[in-house]
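As structure tokens, one chain now follows by itself in the form predicted on its own.
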Amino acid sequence: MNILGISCYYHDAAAALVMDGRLVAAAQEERFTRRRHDADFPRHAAEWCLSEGGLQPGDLSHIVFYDKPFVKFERILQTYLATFPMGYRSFMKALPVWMKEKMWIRQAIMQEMAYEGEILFADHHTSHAASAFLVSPFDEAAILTIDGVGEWETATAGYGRGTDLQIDQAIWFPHSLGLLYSAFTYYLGFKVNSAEYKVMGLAPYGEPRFYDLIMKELVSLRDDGSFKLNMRYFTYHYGLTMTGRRFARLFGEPVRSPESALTQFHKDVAASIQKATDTIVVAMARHLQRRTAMRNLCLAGGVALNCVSNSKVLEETDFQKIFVQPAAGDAGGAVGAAFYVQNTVLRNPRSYQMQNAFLGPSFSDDEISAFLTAQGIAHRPLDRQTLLSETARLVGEQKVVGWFQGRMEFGPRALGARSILADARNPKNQSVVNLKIKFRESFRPFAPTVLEERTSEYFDWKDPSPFMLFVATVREDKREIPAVTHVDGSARLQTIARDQHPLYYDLVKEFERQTGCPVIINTSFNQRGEPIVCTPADALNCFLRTGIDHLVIGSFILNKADMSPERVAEAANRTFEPD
């Protein structure tokens, strides 16, 4: 039984291959095309998945698309009719895209993949729910999915038992927590569907002084966690922007221009919408827990990437365990669609748990060596222990290291396969890595990787957090890691166990042996505006055009100081659009 899941045409297109009930490959299209959040048909990702599984298109039992385009188009038509004539310009811009590609998913799959077999379609939020529950460690769990919008639903709630999914509550468009957060992302001058995490990172610098205003004027929240938005303040349901003049008048300032200064006002707005989001998500989860009486919760949808809200749910509800799939947004819908058919539609027993996110391409030492030779770069292999001890020494000596090892991560977080590493003990590294390596805003926090068995010594946290989807307070007596301690004392936590990524675990362990500290900075191996690196060529380019000191790629360590100034200057000329 070989099932390929596909998501595309909105943002973060992806493909995922399930073979006999196991997820053997999953990747986003952006990693291959180098276009951040690429929404086009995931031809490269799908071809790679089939190659990884040793399959041809004819070997597939099913291809499953992650939502139902005709139902989504119905919503768009009804919305434009209900808001006519205000939505005319937006409708005329959207219509050609729908007529050209978004309606014709079946034909696109057949043409792009030379596939003649059965093509199935799953509901958008069903794909989200399946992407979390069916790969979770739970035999039964409550399920909460929250995003911008699927077909009509913007949030759903229900439960899963065994292979069954029961989704029995929903909030419908245009009332959307995801779009509310995106509206504030737009108002704060950041890019929608790309930079919502910047709002989350900015929030601790402010005070939530607009929280009451949001909950009074913009959101009507009921006791059961359902809500409605006051659509008089929003334009996303009919226009080309998220908010209008009435929204700006409510808060007293115009929409911030991208790249302009961030004032205390903007920080307070970010703090306010984050608190409002926390309140709504907790209310939804609390009601779901009371209704189902279940102790386990699975979260999915783009809002489930908000690790602050995830942690609030764990702190403020009676759920004991929460599972969030690492690609909780639309990319993960490809995984969910495939498992929904595998387990729920076809009734095959569940046989897979997602214990790590290392599901993408990998490259052997021979492939890496051949590439470096072709580039005229001198290199020699190191044995495993020397590689680890040298890398740990470099980090301890305040070098910034690009780390390229094993299979690429699936989802938006780098988890130790395509990472930039630095010493968490050095307070200067927070600004050094932000400004000189990532070329991004100085307020952006960095995540720590900590040895799983040492987690509770450094953080107010006791459970594994392998996917960097929860925040934890850094213990008062362990504030020796300032580069990963946010202004509010929190950290976006990644724990690492040896069975998840042995080489990365052993590196952190070696760093602990050399320094006494089991924590390092882990941020994604890319610069601002670029997807996380996928291939050795991507890694070398990023290494050369940023301030990364050393590149550890396979069994080889490259030193920037050994590179010719001409080579470095040539690579630095390549630019990317701001994210």
Partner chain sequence: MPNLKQIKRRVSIVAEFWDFMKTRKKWWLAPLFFIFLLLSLLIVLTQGSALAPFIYTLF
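Positions refer to the first chain, counted from 1. Since the model is a prediction, treat every value here as computed from it, not as a measurement.
Keep in mind that the form predicted in complex with its partner chain is missing from the display, and what follows is about it.
- Within this chain, P96 lines the site of its partner chain in the model of the complex, having a heavy atom no more than 4.5 Å away.
- When contacts are judged by a 4.5 Å heavy atom cut-off, T263 does not count as touching its partner chain in the model of the complex.
- In the model of the complex, its partner chain sits within 4.5 Å of a heavy atom belonging to W152.
- Heavy atoms of W104 reach within 4.5 Å of its partner chain in the model of the complex, making it an interface residue.
- Per the 4.5 Å heavy atom criterion, its partner chain in the model of the complex is contacted by stretch 69-77, the sole one of 329-337, 377-385, 69-77, 491-499.
- Shown without its partner, this chain lists F173, Y505, Y197, F91 as candidates; in the model of the complex, only F91 has a non-hydrogen atom within 4.5 angstroms of its partner chain.
- In terms of contact with its partner chain in the model of the complex, the residue from Q353, Q111, S431, Q398 that brings a heavy atom within 4.5 Å is Q111.
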